[in-house]
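Okay, here we've got a single chain as structure tokens, the form predicted alone, with questions on binding and movement later.
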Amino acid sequence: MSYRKASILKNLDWFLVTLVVLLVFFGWVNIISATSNIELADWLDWNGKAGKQLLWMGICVLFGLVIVNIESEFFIRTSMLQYLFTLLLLVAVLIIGKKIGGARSWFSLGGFSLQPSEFAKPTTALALAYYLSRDSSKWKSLRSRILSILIVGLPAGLILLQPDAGTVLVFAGFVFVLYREGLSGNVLILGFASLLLAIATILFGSWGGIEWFWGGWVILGSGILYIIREATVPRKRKSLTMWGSIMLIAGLFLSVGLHTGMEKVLKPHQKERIHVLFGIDVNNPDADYNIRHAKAAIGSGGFSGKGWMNGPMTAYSFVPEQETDFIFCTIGEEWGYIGSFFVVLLFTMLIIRVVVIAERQRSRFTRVYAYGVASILFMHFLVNIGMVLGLAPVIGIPLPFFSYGGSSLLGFTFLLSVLLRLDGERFKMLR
């Protein structure tokens, strides 16, 4: 083995590798249970989902080994090319892609399907890292801020056209990357206020049609907080009235726009899912079927669970998509509180470890990319677990390394393998 390869292997973050291996292994164990009934465990049948996932795991091991043996400079220099290539794939899938579950998100490749949006996430992180690392003062100009948002917004917009709202939510997580690199904290305050506005619009828009009133005051309240913060600077005191008026008008327009979107744009089943989340009665008695059975499966596991492949709700497929979006139900039913806590702990340690890796970098490119990785993992974890527990709308988003699917596993392998390689050369002065 050459000195260079030995050095890379020595500098790899083996703690991160261990966490990923544990997550992938436990994910596969739960896929076996979620796709096999009580009488038959077809985990070695290559035609079954557990067998296919095992095959994908082997492919991802080879894929990851190839990536960590590629020079870091390659990912830096080709980051924009990779980003543009995935944009082309996202356009192509809208034209010739296979429609599954109401979304045109897949390329059909023989017996397999490939979802380009899974690769758009890491390439967007690479492109954003490349752009922000070119100049340490990027956030001082409006042009740079708009371009950074466009880098994230272009793939998100194409994915929304498929439509795949779950993946679009993941792209919203890049706001944490921008915040780390200098985005004003006021943006996060306004984002939180907008979330409150959305909730007020859904509740009051459905109950009394006065969402414009409440929504406007929610945004106005956030505007007042902003004004108080900025009022400490004497030269800005003259703009208090102006900013208050802008916030109020923005609140009115945004709230009315959200209400119009709920009533005119969303499909009936999408609107029902949102209403179920907030406890609003709907005419369809089966609208909360997924959430009701998901909660029942998790709750039935108790403290220690029913045991591997001994969960009746899992075995008889009471929960739809239990090997993909609702895989956490299998964990809750068969492994109970102990198993669920262990899985949450592993994901928490994984995200924290990625942040630690980000903060120890000499290279701004690697730091920005690492925060992109952490944001993607965090959004997947937060939305998927929240969805299963009834704290978020039911949208299609996989649990990293647990949910069945080759595209998802390949995407996350690429995401973390590139980080491992970049971090392995942290003692060199990269961009």
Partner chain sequence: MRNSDLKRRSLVFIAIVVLIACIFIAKLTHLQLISSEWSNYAGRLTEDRERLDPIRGQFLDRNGELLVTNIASYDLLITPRKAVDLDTLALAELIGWEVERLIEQLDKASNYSRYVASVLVKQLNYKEYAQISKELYQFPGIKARTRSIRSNVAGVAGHLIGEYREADQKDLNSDKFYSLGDYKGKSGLEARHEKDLRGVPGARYHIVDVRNNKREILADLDTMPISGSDITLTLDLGLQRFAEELMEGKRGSVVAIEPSTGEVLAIVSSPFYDADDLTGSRRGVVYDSLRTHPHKPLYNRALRGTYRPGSIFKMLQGLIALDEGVIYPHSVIECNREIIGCHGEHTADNLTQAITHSCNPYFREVMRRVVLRGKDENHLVDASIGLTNWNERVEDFGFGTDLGGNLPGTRKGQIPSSGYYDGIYGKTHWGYSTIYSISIGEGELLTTPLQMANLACIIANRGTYREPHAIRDLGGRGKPEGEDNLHETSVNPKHFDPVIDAMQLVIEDETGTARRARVEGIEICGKTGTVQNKGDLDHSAFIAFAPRENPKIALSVYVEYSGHGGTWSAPIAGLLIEKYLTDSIKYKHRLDRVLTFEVDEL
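Just so it is clear, the model here is predicted, and its values are computed rather than measured. Residue numbers count along the first chain shown, from 1.
This protein has a second form, the form predicted in complex with the partner chain, left out of what is shown; the following refers to that one.
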- Specify the contacting stretch among 83-91, 163-171, 350-358, 68-76, defined as having any heavy atom within 4.5 Å of the partner chain in the predicted bound form. 350-358
- Query: Does the partner chain come within 4.5 Å of a heavy atom in each of S300, P312 and S317 in the predicted bound form?
  - Reply: yes
- Note on the structure: Answer key: of A374, I31, I397, V368, within 4.5 Å of the partner chain in the predicted bound form (heavy atoms) is A374
- Message: Although the partner isn't part of this model, could you tell me whether F176 comes within 4.5 Å of the partner chain in the predicted bound form, counting any heavy atom of the residue?
- Response: yes
- May I ask you to check whether G332 falls inside a 4.5 Å heavy atom distance of the partner chain in the predicted bound form? yes
- Query: Even though the partner chain is not shown here, does R180 get within 4.5 Å of it in the predicted bound form, heavy atoms only?
  - Reply: yes
- Message: Is F381 near the partner chain? Define near as a heavy atom within 4.5 Å, in the predicted bound form.
- Response: yes
- Contacts from 335-354 to the partner chain in the predicted bound form (any heavy atom within 4.5 Å), listed N to C, are G336, Y337, S340, F341, V344, T348, I351, I352
